[in-house]
Ligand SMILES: Cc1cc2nc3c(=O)[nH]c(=O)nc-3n(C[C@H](O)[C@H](O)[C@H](O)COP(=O)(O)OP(=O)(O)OC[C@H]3O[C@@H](n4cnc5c(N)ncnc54)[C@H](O)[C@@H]3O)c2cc1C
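Consider the single chain below, provided in structure tokens and representing the form predicted alone.
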Amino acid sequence: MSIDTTRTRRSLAALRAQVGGDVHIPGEPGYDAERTGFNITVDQRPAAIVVPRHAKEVAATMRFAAAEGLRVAPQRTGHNAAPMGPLEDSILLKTTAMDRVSIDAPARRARVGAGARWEDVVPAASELGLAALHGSTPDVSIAGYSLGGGMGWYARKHGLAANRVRAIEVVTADGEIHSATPDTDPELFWALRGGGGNFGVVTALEFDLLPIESVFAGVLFFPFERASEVLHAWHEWTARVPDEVTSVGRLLQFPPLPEVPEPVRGKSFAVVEAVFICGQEEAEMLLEPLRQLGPAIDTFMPMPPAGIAELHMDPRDPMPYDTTHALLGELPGEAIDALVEAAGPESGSALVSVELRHTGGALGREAEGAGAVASLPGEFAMFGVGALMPGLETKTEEDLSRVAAALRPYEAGHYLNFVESRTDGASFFPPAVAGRLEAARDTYDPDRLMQANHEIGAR
């Protein structure tokens, strides 16, 4: 059904009254600003955009969509929006206004609205001597990150963020508001923690914080021509470090843009990033083999948890890009050679970043009371990003394909939050888990009102 019909416009006027006027339709002021995602090549043109302030307004939107034959696509920052397509038959539900955050320091727990981002929680928690299982980008939505699993800087020691969530407020397709916990709605609670946005619109969640006052963290920058030496040394080093260390080996090519700091602007590096959640003396000892390689820049130092928010140097502003990703098993040295050949200094690659994240540890062990994503397979996660600048689109696609092909023999699976192309959501899970998730969706969204980026049990 088109949103431009007279009946639908009359209905939208009624909906606008229920949600305080924050309803945008094509051709009206505010529509274009609200429909833009983080990847600016994704051209979202939803039937309407609703910006609710609380769960009751979400419920009204759900009931309206069902009555009008539309779907509902929740979104905060627009990361990983590409799989959802243009949304012409959907209401884009922007959770921006639901951004309230409260922290209970004695209980070591936070409650956040669906519009909250990690930068709304991490600094405040850090001042209290606490840390969250946040990811590498401070402006990512906490809700979206957690629903997809949540793999961050403390992951090898403390696992996935989804499994530290303790309560979820969610509006299901029938317009009912649920408080899902292990006691009140256990199957919905299980499905939401790792199953993505297939089961309703999350409006708030509560999660544990960690008693971490200080970490030892930083980046070692090496000349790009030393990529093979550095990545081999880092790869061998990962086999010896404890779970208290989460690290990344990375090929990084900074674009020549004014917002990039002058010392690295337009330059290329092989880098190692790491966070140690142990004492400084032990951390310095563990890091020493990599420091002995003689980095050009060494930023490692003790810092509060807030200090690592931008350690990964992800861009803050929307940009045009494409990606590739795979979870990888144990890698032989030949795999590092293949990666360097595909994206290193002699490859001609124009990719901004190709990284290997060291996983394993707690990520590979099923947490007690875990949600749908209980663990991740493999020992490393590969993620590559290329900027889709005018005239470079074909080359970027070729560079990404070359990296994917180089590491395909070592694939162990995929992580939902890192796959930015349309994929059957069931493919991220073992068959028994996928079947259970499909059954949960049949219960909570039988008519498939929800439009997730990776749909489970799509019809």
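Owing to the predicted nature of the structure, the values given are computational and were not obtained by experimental measurement. Residues carry their position along the shown sequence, with the first being 1.
One more form of this protein exists, namely the form predicted in complex with this ligand; it is left out here, but the text below deals with it.
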{"query": "Partner contact for Thr137 in the predicted bound form: this ligand, 4.5 angstroms, heavy atom", "finding": "yes"}
{"query": "Close approach of Gly307 to this ligand in the predicted bound form, 4.5 Å, heavy atom", "finding": "no"}
{"query": "is_contact(Gly85, this ligand) in the predicted bound form, heavy atom dist at most 4.5 Å", "finding": "no"}
{"query": "Interface membership of Leu130, this ligand in the predicted bound form, 4.5 Å heavy atom rule", "finding": "no"}
{"query": "Candidate from Phe269, Trp237, Tyr321, Phe300 lying within 4.5 Å of this ligand in the predicted bound form - any heavy atom", "finding": "Tyr321"}
{"query": "Answer option from Val202, Leu351, Val112, Ile277, heavy atom within 4.5 Å of this ligand in the predicted bound form", "finding": "Val202"}
{"query": "Among 207 to 215, 145 to 153, 277 to 285, 337 to 345, the region lying within 4.5 Å of this ligand in the predicted bound form by heavy atom distance", "finding": "145 to 153"}
{"query": "Contact set, 410 to 440 vs this ligand in the predicted bound form - heavy atom within 4.5 angstroms", "finding": "Tyr415, Asn417, Phe418, Glu420"}
